[in-house]
Structure formats: C-alpha cells, structure tokens
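Okay, so here's just one chain, in structure tokens, the form predicted on its own.
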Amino acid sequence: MPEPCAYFRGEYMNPKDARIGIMTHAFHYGTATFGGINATWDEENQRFCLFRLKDHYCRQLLACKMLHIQLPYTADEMAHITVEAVRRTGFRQNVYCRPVAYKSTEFIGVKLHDLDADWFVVATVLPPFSTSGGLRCCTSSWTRISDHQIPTHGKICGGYVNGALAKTEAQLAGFDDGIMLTQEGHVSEGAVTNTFVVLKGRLLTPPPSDSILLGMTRDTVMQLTRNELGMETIERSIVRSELYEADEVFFTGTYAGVVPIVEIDRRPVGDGTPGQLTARLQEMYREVAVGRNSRYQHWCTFLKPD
C-alpha cells in the first residue's frame, strides 16, 4: 500500500518513525532551511516529473551557507535521494517533497557556529491547492521581514513565522491570504508566494531588493513569459495603490503554481475574474511542470515507478 517515505539519518523509512530530540537547536530557534519540490504524476505517460529538482537543491545549499550549515551532500546527491524517496512511496499521484537542513545539536543557546547539522527529505501527498476561481486577499498589517533582519533569499524556517502571522490574520478576517508590504511600503510577498501584477499592458513583479524569496516558480514564469509570449517581466518596486489599479494580479509558488487573485482589500482586481494572461500562464506552467513541453525538459527529472 502506498505511504509517505522519508530519508532520515542515512535510511529510508516511514516519516512517523523519524524522530528528533526535544532539545534540538533547530526546534528551539528555527535554525533550519527548507524547500518544496513537486513530483507531478503524469497519468498519460505513467511517470513522475520532478520539476527543477537540482535548482531547488542549489538554492537550499546557498541558504545553508547563510546559516553556517555544512552538509555532506552535493545538490546531485540530494536530488538522487529525493528521486529514490518518491519511488519508494508507491504513489501514483502528485507527491510533494519537503527537504530540511537543520542544526541538529541538542543545545540551548542562541548562535549558529560550532553546531552539527543534518538533512532529511520527506516525500508525501498533500491535498490539492484550491483557488475556487481566484483568491480574495487583503493587505497584511504584518510587515514583511527585511533581508537585513533574516535572509529573505533563503527559505529560513524561523522567518516563516512572518508569513504564518499574515496568513492567519487574513483568514480569520475572511480572506484567503495576505499580501505583505516592506518597511518602505512596497509590495513584497504573500504568506508563501511571490506576487505579479499586470498593469497597463506590462507584467511587473517586486525586485530582489524588496525582501522577496527568489522563487523557482517566479523564475519559471518570467522565462516562459519572455520565451513564449515575447514579454519581458519588469522587476521594480510596486506600491499598494497599484494593486488596486492593476488589470490582473497573481501569486506564484511551487505548491500553488500560478494562482489568480480576483479581489484585494474588498476591491475587485480588473473585472473581478481571473485575467487572460494569468490563465495563459497557468496553463503553460502546468504543461512545463509535468514535462510535456520538450523545450523545457532540461528542467525535468522523470521517474517511471516500478
């Protein structure tokens, strides 16, 4: 029977059998980095497509560098372990992979140096991301953390309390998600997603300097837009009022894909329905992420289950 699989301390096992001690440094201080990798099941071709697998691990290793985490694995080795974990699940549906590199020393004390580190990956199944025709968002009262507080170009576990506060605030107020602004008032991110705005025929997205994660889906969408539509994405600061002026707004993320936003702060985005460019990018991204566009198969790692 299919079940999740973890690679933990050199062994493949059911995640319920993987344990860390309650004194583990990462548990107390968020001294860890994580990732999210899709293994999309292609029913027609009876195979998984692990999308931009090595790119994800190159980014995680850079985040490890930020936290003084040294691992005995290369990006290629991490990718190979992940493919094997997906294979061992036995699933024939979309699998989500969550790699975590963490300070594993059982030690209480705030620091990063002179601590051991470890890495694991879990391959499991999550419920589908539901948009129900588009998201209703609010501008969060929680300011996006700045890169001079916690590195924003790495998926640092402790920093995601910021997004959790924004998401819960939004949902308790009746919205789907919150859009966080920087300390300067520029549009930054959703709780776990990058933001794009279509304004006066141009595609805009916040620049790296506005405290964003350099998302893999964000980069993919920018390349697809340029290569397939001949449209350059403009990376520039976006102010709050431009969200209200926009013709389209959408989020991007590994788990979410391309997700339309149809309302912000109880104001409709455009005509209040998903926009044409958003819908087109949604479809293009789905095709690429499942490995059906030959032009982008260099991003794909295919796995035929036993």
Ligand code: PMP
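Sequential numbering from 1, following the sequence displayed. The structure presented is a predicted model; accordingly, all values stated were derived computationally and were not measured.
Below: the form predicted in complex with the ligand, not depicted.
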Non-hydrogen atom within 4.5 Å of the ligand in the predicted complex for each of H56, R59 and T193: yes
Candidate stretches 77-85, 184-192, 125-133, 230-238, one within 4.5 Å of the ligand in the predicted complex by heavy atom: 184-192
The single option of L204, M216, A117, L224 touching the ligand in the predicted complex, heavy atom within 4.5 Å: M216
Contact test in the predicted complex: T31 vs the ligand, heavy atoms, 4.5 Å: no
Interface membership of T252, the ligand in the predicted complex, 4.5 Å heavy atom rule: yes
Contact of K167 with the ligand in the predicted complex (heavy atom, 4.5 Å): no
Y160: touches the ligand in the predicted complex, heavy atom cutoff 4.5 angstroms: yes
